[in-house]
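Next up: a single chain in structure tokens, the form predicted on its own.
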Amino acid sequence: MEHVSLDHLYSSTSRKAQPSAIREICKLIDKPNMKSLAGGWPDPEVFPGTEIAGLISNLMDQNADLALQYGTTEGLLKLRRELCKLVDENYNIKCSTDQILITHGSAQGMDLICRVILDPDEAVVVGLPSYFGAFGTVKASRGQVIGVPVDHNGMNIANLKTTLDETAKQGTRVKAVYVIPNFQNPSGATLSMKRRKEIIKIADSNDLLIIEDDPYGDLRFEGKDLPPLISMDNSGRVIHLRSFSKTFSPGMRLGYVIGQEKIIRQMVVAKQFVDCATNTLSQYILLEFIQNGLLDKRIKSNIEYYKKKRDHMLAQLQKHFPSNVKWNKPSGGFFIFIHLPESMDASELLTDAVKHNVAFVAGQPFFADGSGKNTFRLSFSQASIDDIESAIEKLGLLIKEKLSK
């Protein structure tokens, strides 16, 4: 049966949508013997399968009628109460249950924020580089993305001020600044305390929201925890996103948003027409997981586990990469960001690397302005110690070959 083309019926937004660079590369690397340093996914070795199996068994015995039923759009009230206690004790975030929305991962939280705050052609400022899933969501909402450089201390404040002044003169309405404050994806940078304070002041003076996306903050390997921006905000301008994908289970698709009650209410209304409610069973499992003290234990063990991988990757980079290639030393999270000499193209290196069964993510998709051709992201989270070692050695050889030419 030959189907007629329906392309002309697609929306203009759909036609402009770009596929995720990571999802696309996963199609290339899904073959035996591939050593992938691409996906920023948790290692299945740390998944709490045994604990979750026990929790599910108890839930089915005692509360199957609740756990298998529809839930409220806001999320399970008992879980939101538990999260209010957790964020107060762990991050000094004060909030009520009406200020928390349980989402299908923090990605849904970003989508709902864009639905609520953005009109067509309004803008969100993001880092150069920054997580392309987030600014892709802005574009999918027909918003504009404006990039500001990121260095080892996070978003450059002087550039942010200049950018806001220039966009105002051009008549572009900037609605929000998007930041990943801890161990940023992809750069691994942590926003300094000074810059956290300055961004809050800038948001106040320019009438902006701050979208604070913190999926990696619990995975700190060393150094002192810095306060979330929302805990420092007296104006209610910060919308805080958090995910359980990196510390509990990515497949459960659980995250939450904290913000002003009115903003959360608007997001709840938007979510009602997206999926009605977040997976009830997953919420009950997470609630039990937290109440049994298992989340704290899992985070502590994950920190130890991933720190060993980071240290090993850093040692291999030092051993095998030439001196004119630069990289960061993240204090947590999943990523190391590589800067090749300006003359090199990381996409070309990736093509050669895949032929040798090594994969990573080229850096250019993380730059909203199309720059970053000489950069790429390595993830140490999912690869084994042996794969990290052999993959970095092969990449080092390929880079040296290209430089010699």
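Predicted model, so just to flag it, every value in this text is computed and none were measured. Don't overthink the numbering: it's just position in the shown sequence, from 1.
Not on display, but discussed next: the form predicted in complex with a small molecule.
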| task | Among 77 to 85, 237 to 245, 262 to 270, 297 to 305, mark the stretch whose residues have heavy atoms within 4.5 Å of the small molecule in the model of the complex. | result | 237 to 245
| said: When the contact criterion is heavy atoms within 4.5 Å, does I180 count as touching the small molecule in the model of the complex? | reply: yes
| request: Look up in the model of the complex whether F135 has a non-hydrogen atom within 4.5 angstroms of the small molecule, and give yes or no. | output: no
| field | Any non-hydrogen atom of A107 within 4.5 angstroms of the small molecule in the model of the complex | value | yes
| query | Is Y284 a contact residue for the small molecule in the model of the complex, using a 4.5 Å heavy atom cut-off? | reply | no
| query | Looking at P215, G154, G332, G147, which is the one with a non-hydrogen atom within 4.5 Å of the small molecule in the model of the complex? | reply | P215
| field | Contacting member of R195, H312, R253, H320, with respect to the small molecule in the model of the complex [4.5 Å, heavy atom] | value | R253
